[in-house]
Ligand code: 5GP
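Quick setup: one chain, the form predicted on its own, written in structure tokens, and binding and motion questions come after.
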């Protein structure tokens, strides 16, 4: 990230009236934390700000999100400036993809290595643990005050995308920035309780149903399960709330790649994780998806059973 890029971003902010902040569909903690952090940081600028996220906010992030400001549908409104956060390609904007055509300038801030840059200004750093960490560097470089509320949201983005600072994307700089955020007033234990220790009982039951269906292949090195509509209906749960299943499978000693197949109206969303040397983003890119070496995903216009066959075949070369 160069100083002139940051200067360019804040020049655009200062000269824009209508600003949109967009994140990827089916939002996770990094997306929600980053989008809401930037929204709250820009509020004192007295701009006309719109937020776009395609998908429900999971239960554990609702306490940190003002859902009243998130646009439900897009009516081709035009913007002076568009921020796209934590979104590896334009398709990931979901039903809000057309906003790119209606914005005079676009700034892309992301940490996915599969992001080729589709903005007028692209700040993409795949060495960063999270978009939240990258956004923090940008906000710090402005020399403007970072409020406790903004610090909390950035901390959530970093915390969740590093798996509580346990993934290989966690660096000493990540820890130093987390310490700075704590110094700004972040209450670590309070956030941990809300994000990780507040599952409603129906969500726990749905989680159990998902993990009880795990199937292991290639001498237990590939683990697969599915989050089906029937599981969601049975437990009165939303798919946005069933989080952590793919990480749970990865905890199995022999498993090197874990996969969760999420059934939806369009087909199946595939979430992949690895814990050794397999780059799951290489598989994801083949199906026009994106992500990181250890965490990636894509969508298939297939039912659960066909999607499972595709995944088993894709990883055959890694395990046979």
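Predicted model, so just to flag it, every value in this text is computed and none were measured. Positions refer to the first chain, counted from 1.
Here the subject shifts to the form predicted in complex with the named molecule, a form of this protein not shown in this document.
Enquirer: Please determine whether residue 289 contacts the named molecule in the predicted complex, using a 4.5 Å cut-off between heavy atoms.
Expert: Residue 289: yes, in contact with the named molecule in the predicted complex.
Enquirer: Taking the named molecule as it sits in the predicted complex, is residue 20 in contact with it (heavy atom to heavy atom, 4.5 Å or less)?
Expert: No, residue 20 is distant from the partner.
Enquirer: Since only the chain is shown here, I'm wondering whether residue 88 would be in contact with the named molecule in the predicted complex (any heavy atom pair within 4.5 Å).
Expert: Although the named molecule is absent here, residue 88 would touch it in the predicted complex, with heavy atoms inside 4.5 Å.
Enquirer: Can any non-hydrogen atom of residue 299 be found within 4.5 angstroms of the named molecule in the predicted complex?
Expert: Judged by the heavy-atom cut-off of 4.5 Å, residue 299 is in contact with the named molecule in the predicted complex.
Enquirer: Could you work out which of 255, 295, 261, 51 is the residue within 4.5 angstroms of the named molecule in the predicted complex, going by heavy atoms?
Expert: Here the answer is residue option 295.
Enquirer: Which one, 89-97, 144-152, 210-218, 190-198, holds residues whose non-hydrogen atoms are within 4.5 Å of the named molecule in the predicted complex?
Expert: In the other structure, the partner sits against 89-97.
Enquirer: Along 98-125, which positions have a non-hydrogen atom within 4.5 Å of the named molecule in the predicted complex?
Expert: Result: 112 alone.
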